[in-house]
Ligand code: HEM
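Okay, here we've got a single chain as structure tokens, the form predicted alone, with questions on binding and movement later.
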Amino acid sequence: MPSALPTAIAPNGYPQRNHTKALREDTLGYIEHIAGQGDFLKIPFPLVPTYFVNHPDLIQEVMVKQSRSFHKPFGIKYTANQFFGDNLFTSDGELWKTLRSTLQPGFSVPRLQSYAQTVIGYTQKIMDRWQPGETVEITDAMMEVTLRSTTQCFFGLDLYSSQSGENLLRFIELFFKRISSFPVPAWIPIPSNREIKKLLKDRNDFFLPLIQERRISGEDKGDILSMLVKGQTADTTGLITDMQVCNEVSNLFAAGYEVTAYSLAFTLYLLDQYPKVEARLRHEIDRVLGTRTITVEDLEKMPYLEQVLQESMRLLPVIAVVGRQAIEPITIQGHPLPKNSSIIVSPWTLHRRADIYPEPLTFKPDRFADHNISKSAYIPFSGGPRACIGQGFAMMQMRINLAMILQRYRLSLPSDYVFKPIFNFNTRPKNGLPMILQTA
């Protein structure tokens, strides 16, 4: 018989059982605190039995071996469904399988290669506005890069500075706020619900005519929307309705653009902190590109570029906490867990295990050179069958963005800047990330 699971102890300054308050007030600090107490813990949250797992073997049980016994947590699914309806992020069973197979061709290698020129063009446009000596809020700049590239690749439209784009961003902002708090029923007549209802109508009024237009024309504009409409035509299940397509394109955009932007910003921050890594990366970029414009074929010639991004997402994962909920009684390493048990997995603490990553708080891209890190020990895009479908697009985009930026500029932090990451649905810098531009 396995021994009883230990119960997590709350951080100092919090009542012993007030783990909920500790988690909400300082998510990263709380997760680090309980990770120091063990790899498999029971957390005394009210209402739902909750467990923390922080070892690759345990994570493989949850995300791979017993993945069919887990769904996204109820609170997350409930909130996401209010905003995006049933979608790849929240759905399960037949709908999830249909959506995954319909979307997968949109992220195939040939399709990704076709998106590369769009990413290159927008990165160039944004850098052309920069001037040596000016200070740029790099998170905002990366948000613009990813917003414009992603909307063009996903919808065939640049929504930057448009009313539709502003409405979509506000819609996603409210979603992030709502999903980071307790579930609120949509029928309650509060101001945020009224605003959400209006923005949802605006979203539908924008996307549904666009979807109908694509279906009538039959034109493939080389974007995700075209792929979805094509998949809708071939669908025999009746599940891929116009509203389903609308849900998917908006959900995919919400899931991707901010994560990519913050990952890029964190990477530029880390390169400034580790000049030897930056010098080696610049040497690789200069050797392959010189002064010419990057092509998608160049990416395979720059392995260190990918390793730098992988290490950045290890040390500062934007998706720092992942949740699952058991849909049936399960057993993990001999421990029975009841139906509806909630599981917390933290890439933030998993990626900082010294037994897997020696000197875990040091930025060392070489640790990814030999590709021998277990998939269950490195999950910046989650893991198992529910891993992010857009991770190939994100990695392609970030490699192009980073190579082009370093080809032209050297970025450094102001001397009085203090970096502090916080978690609010995604990990982000608490006080922004201003960086000074100089010619490379």
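Quantities reported herein were computed from a predicted structural model and do not represent experimental measurements. Position 1 is the first residue in the sequence shown; the rest follow in order.
There is also a form predicted together with protoporphyrin IX containing FE (HEM); it is not shown, and the following applies to it.
Taking non-hydrogen atoms only, Arg324 approaches protoporphyrin IX containing FE (HEM) to within 4.5 angstroms in the predicted complex. Though the partner is left out of this view, Leu406 does not reach within 4.5 Å of protoporphyrin IX containing FE (HEM) in the predicted complex, counting heavy atoms only. Interface residue remark: Arg386 is counted as part of the site for protoporphyrin IX containing FE (HEM) in the predicted complex, having a heavy atom within 4.5 Å. At the 4.5 Å threshold, heavy atoms of Arg367 stay clear of protoporphyrin IX containing FE (HEM) in the predicted complex, well away from it.
Listed stretches are 411-419, 389-397, 22-30, 370-378; the contact stretch with protoporphyrin IX containing FE (HEM) in the predicted complex is 389-397, by a heavy atom cutoff of 4.5 Å. This chain is displayed alone, yet in the predicted complex one of Ala265, Ile240, Met313, Leu281 has a heavy atom within 4.5 Å of protoporphyrin IX containing FE (HEM); that residue is Met313. Contact with protoporphyrin IX containing FE (HEM) in the predicted complex, defined as a heavy atom within 4.5 Å, holds for exactly one of Tyr269, Phe154, Trp348, Phe207, namely Phe154. Residues Trp96, Arg100, Phe107 are the members of 92-125 with a non-hydrogen atom no more than 4.5 angstroms from protoporphyrin IX containing FE (HEM) in the predicted complex.
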